[in-house]
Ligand SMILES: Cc1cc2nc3c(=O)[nH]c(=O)nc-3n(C[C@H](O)[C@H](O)[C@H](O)COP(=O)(O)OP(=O)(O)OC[C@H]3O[C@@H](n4cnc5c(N)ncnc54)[C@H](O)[C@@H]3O)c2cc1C
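Let's start with one chain on its own, the form predicted on its own, as structure tokens.
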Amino acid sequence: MGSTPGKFDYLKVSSIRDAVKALSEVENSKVLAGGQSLIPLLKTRIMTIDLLVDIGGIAALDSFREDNGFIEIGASYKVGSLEENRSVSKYIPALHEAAAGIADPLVRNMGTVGGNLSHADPGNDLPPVMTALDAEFVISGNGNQRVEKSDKFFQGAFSTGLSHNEVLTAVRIPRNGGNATSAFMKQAKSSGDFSLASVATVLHLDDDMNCLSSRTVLGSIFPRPYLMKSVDSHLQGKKINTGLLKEINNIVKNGISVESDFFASAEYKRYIASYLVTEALALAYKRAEAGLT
């Protein structure tokens, strides 16, 4: 395995249109944004390409704005900027927690939101959070723009709904009002490491603190983010308390089919997944009770 990349051409573009054109002309090409995942793959020659298209100079992609009931995050917005963004920490605590736990400050200050999501590593923390938030993925291709939800965008390990000549340009998150709350938790070998298991949850509560709806998502356990429909169904119309959390714990333990691998046994995966789900739900609910969201 080499320690330097194979030969490839490099093109720095100033517009999405130019990026799409370049990608369309060379099938074995990749987009470079922050490069924190891509560059190591190229250096070790796990991946070889013919063309690297650098979109880092497109200023419009390094953006964060709140408009029309959405928070829109440009694909080149840095993970470190998410961590420091006060609107994110106030209104989307799950996203803040996920961003703050990714790798180290150097990686967070270079890595981009779009790059993290497009890479679709099962151990990455942003995909399960975006799935729980029911985010929309804005994609640009040859002369058109389309929007996909997470269930179509994340298709498997390192696999997304992006065609080779398309670019993820932004992520749109619904701006939830009222008693909406969220939380993210992960288990990793060490601080900043990839997750062995993670959970993101978003709760919508009524004025009596009953759960109107929820989206609870497991990360890392499966090749792509896994929406726990059985958990969300069981939560509906109920207050979250110790008894309900015990029921949820059993639902998770008995409701997922996993296999042992190099990182952890199946038994441990079921245990940590059930633990993280109940802890994340308890944290999100506590935030709502305290009026911190």
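Position 1 is the first residue in the sequence shown; the rest follow in order. Small disclaimer: the values here were computed from a predicted structure and weren't measured.
Note that the form predicted together with the named molecule isn't included here; everything after this is about it.
- Segments offered: 88-96, 210-218, 161-169, 141-149. Contacting the named molecule in the predicted bound form at heavy atom distances within 4.5 Å is 161-169.
- The partner is absent here; in the predicted bound form, the one residue of Ile251, Leu38, Leu244, Ala264 having a heavy atom within 4.5 Å of the named molecule is Leu38.
- Although the partner is absent here, Gln187 is not a contact residue: none of its heavy atoms lies within 4.5 angstroms of the named molecule in the predicted bound form.
- Though the partner is left out of this view, Val107 does reach within 4.5 Å of the named molecule in the predicted bound form, counting heavy atoms only.
- Taking the partner from the other structure, the named molecule in the predicted bound form has no heavy atom within 4.5 Å of any heavy atom of Asp134.
- The named molecule in the predicted bound form comes within 4.5 Å of no heavy atom belonging to Pro174.
- Contacts between 18-33 and the named molecule, taken as any heavy atom within 4.5 Å in the predicted bound form, involve Lys30, Val31, Leu32, Ala33.
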